[in-house]
Ligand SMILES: O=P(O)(O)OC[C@@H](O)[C@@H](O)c1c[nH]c2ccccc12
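Here's a solo chain for you in structure tokens, the form predicted on its own.
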Amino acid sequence: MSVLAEIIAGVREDLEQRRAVVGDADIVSAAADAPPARDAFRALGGATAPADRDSRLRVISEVKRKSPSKGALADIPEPAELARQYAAGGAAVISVLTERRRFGGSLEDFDAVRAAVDVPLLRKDFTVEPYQIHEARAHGADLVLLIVAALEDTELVQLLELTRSLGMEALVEAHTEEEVDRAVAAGARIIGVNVRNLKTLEVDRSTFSRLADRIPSHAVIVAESGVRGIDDVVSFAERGADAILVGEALVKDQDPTAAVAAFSEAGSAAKPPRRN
């Protein structure tokens, strides 16, 4: 069994425990009663008309306690305070891990961050059922993660449509050429290229440029994983990233506010003119 399959098996078990406490009808009702979602597509530089796009690099800053590949990364006793520092540095979106077994995340972390900042939030988890989409909206998410490798085409389309029907957007994550093509075919407007293979946990930064060229110019292109510092930020920006998603490098930094600002500034300076 691959790492991804093992993670999803655990996610399904934990989901059933939450469902036993808050049933489907109740979570749907809670999602409907939540305040309107923030516009994550526009926050990440997306626009209906290509002429309205700009060349700034956006930073998705992540609240991440640990990972399957690196183990414990940071204690993060106050996720709300870390989120405030990210926002002060100009983070376009803040990502909060809610998967608990491999990443040490929780919906409690998400709620704390939601109460602390007004920027769009990404619920970072392994979404495999509609319940999780409603759950994300009920907790104030503006963006959810859909991993192409974890879903069949019909599931991907259905979950993407449900996400948008609730006013949110989806970061649709791909690792291969085939997965990028599936994301595009499903109608994804925000496509992430994860240079870490979730089946092996190996990182190959060259994956980004190879896959980014397949993504239509109207979509927001997000580089995920592999950012160790400014050099990696510049490299991804030069190769077409509209945004970067960064966790480890920021949670380990002594001044995350300055780090977010530096990543954004360096990436924006390196970005080539936008394709039309």
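All of these numbers come straight from a predicted model, not from anything done at the bench. Start at 1 with the first residue shown and count on from there.
What comes next is about the form predicted in complex with the ligand, which is not displayed.
- Partner proximity in the model of the complex, defined as non-hydrogen atoms within 4.5 angstroms of the ligand, places exactly one of 141-149, 106-114, 177-185, 159-167 at the interface: 141-149.
- Although the partner is absent here, Leu97 is a contact residue: one of its heavy atoms lies within 4.5 angstroms of the ligand in the model of the complex.
- Although the partner is absent from this view, Glu248 contacts the ligand in the model of the complex, with a non-hydrogen atom inside 4.5 angstroms.
- His134 falls outside the set of residues with a heavy atom inside 4.5 Å of the ligand in the model of the complex.
- Contact check for Arg189: every heavy atom lies farther than 4.5 Å from the ligand in the model of the complex.
- For the options Leu121, Ala83, Leu198, Ala92, the one in contact with the ligand in the model of the complex, meaning a heavy atom within 4.5 Å, is Leu198.
- Contacts between 193-226 and the ligand, taken as any heavy atom within 4.5 Å in the model of the complex, involve Asn194, Arg196, Leu198, Glu224, Ser225, Gly226.
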